[in-house]
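For reference, the chain that follows is the form predicted on its own, supplied as structure tokens.
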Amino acid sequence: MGLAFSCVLLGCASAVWAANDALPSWTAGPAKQAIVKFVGEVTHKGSPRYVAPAERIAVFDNDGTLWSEQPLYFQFIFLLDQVKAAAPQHPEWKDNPAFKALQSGDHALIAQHQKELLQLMAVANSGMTVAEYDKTIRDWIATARHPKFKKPYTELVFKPQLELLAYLRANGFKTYIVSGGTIEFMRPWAEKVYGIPPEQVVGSSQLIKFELRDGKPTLVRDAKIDFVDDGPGKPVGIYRNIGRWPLIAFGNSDGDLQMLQTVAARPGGGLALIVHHDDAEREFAYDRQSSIGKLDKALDQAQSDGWTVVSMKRDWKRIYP
């Protein structure tokens, strides 16, 4: 047995031990094995796939990947409150299809107007300073409750994913969120909940402008969306904000398809993972026909290209902390 091969075996065995200790909410099976094998191969010197720590980047979608997203993206529930509060100052919204969708309460209809609703939200909170908006999010996160589970939204994060984030960081990875949600919504709480600092949150964004207010430098929210970090926008967001191509990408929907394709095609090979929501008893079950978090084209490519599909029902012993 060659020395290099021995090191690879020993390294992977060490990674297996660490995973069994650090990933207790993951069921032993192909998904967990794929993660452990990949981490072992890219983190241990002597492996032909060894990657230096500076290049060890892992990106995670947020909605449906790190926390739940049904019956409506959690940021959109926050948006409902924002837009409804601002509606009396905007009578022109009465004929806006996106505003009508909000008023209907029809989640499928709301999902069809995601980009337009982001624009309404931008108008609703334009003129606020970034500090004021940050406070509205912190206050909402602290008090809002999920309609089904009656718990704070930050308690509906996935325990297996929290373990995976910690496991990757322990193996020299830098972990990022790359989400269609806005950076302004995620940054106030992401570090406390996920251990991911604000500078490692990539998302959609609203235009921000500089003003002097009462002689003090101030950042103020403009009424326009600057960038939508979803679908083909995700690889663009990664390029703009990270500057390195990730080794690992974890998503759950067709909105993550281009990010997963980019990582899977990385020279030397990357690890593309998909959460499949198939546990109606403990969470929700949905995929191809869902108006929220639709998983169709990405599921087809995962099956044809051998990406790792993580079954909530089969691969996770528990869902929430």
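Please read these numbers as outputs of a predicted model, since none were measured by experiment. The first residue of the sequence shown is number 1, and the count goes up from there.
Below, we refer to the form predicted together with another copy of the chain, which is not included among the displayed structures.
J.: So which of N125, Q200, N171, Q161 gets a non-hydrogen atom within 4.5 Å of another copy of the chain in the predicted bound form?
T.: Selected option: Q200.
J.: Please tell me which of H146, R240, K135, K100 lies within 4.5 Å of another copy of the chain in the predicted bound form, judged by heavy atoms.
T.: By the 4.5 Å criterion, the partner-contacting residue is R240.
J.: Which one of these stretches, 106-114, 83-91, 241-249, 150-158, sits within 4.5 Å of another copy of the chain in the predicted bound form when only heavy atoms are counted?
T.: Heavy-atom contact with the partner occurs in 241-249.
J.: Under a 4.5 Å heavy atom criterion, is D222 part of the interface with another copy of the chain in the predicted bound form?
T.: Residue-level check for D222: no, no contact with another copy of the chain.
J.: Evaluate A54 for contact with another copy of the chain in the predicted bound form, applying a 4.5 angstroms cut-off between non-hydrogen atoms, and reply yes or no.
T.: Yes - in the predicted bound form, heavy atoms of A54 and another copy of the chain come within 4.5 Å of each other.
J.: Looking at the partner-bound form in the predicted bound form, is I141 within 4.5 Å of another copy of the chain by any heavy atom?
T.: So I141 does not count as contacting another copy of the chain.
J.: Residue-level question: is I208 within 4.5 Å of another copy of the chain in the predicted bound form, judged on heavy atoms?
T.: Within the cut-off, so yes.
J.: Any residue of 119-150 with a heavy atom within 4.5 Å of another copy of the chain in the predicted bound form counts; write them all down in order.
T.: Heavy-atom contacts within 4.5 Å come from V130 alone.
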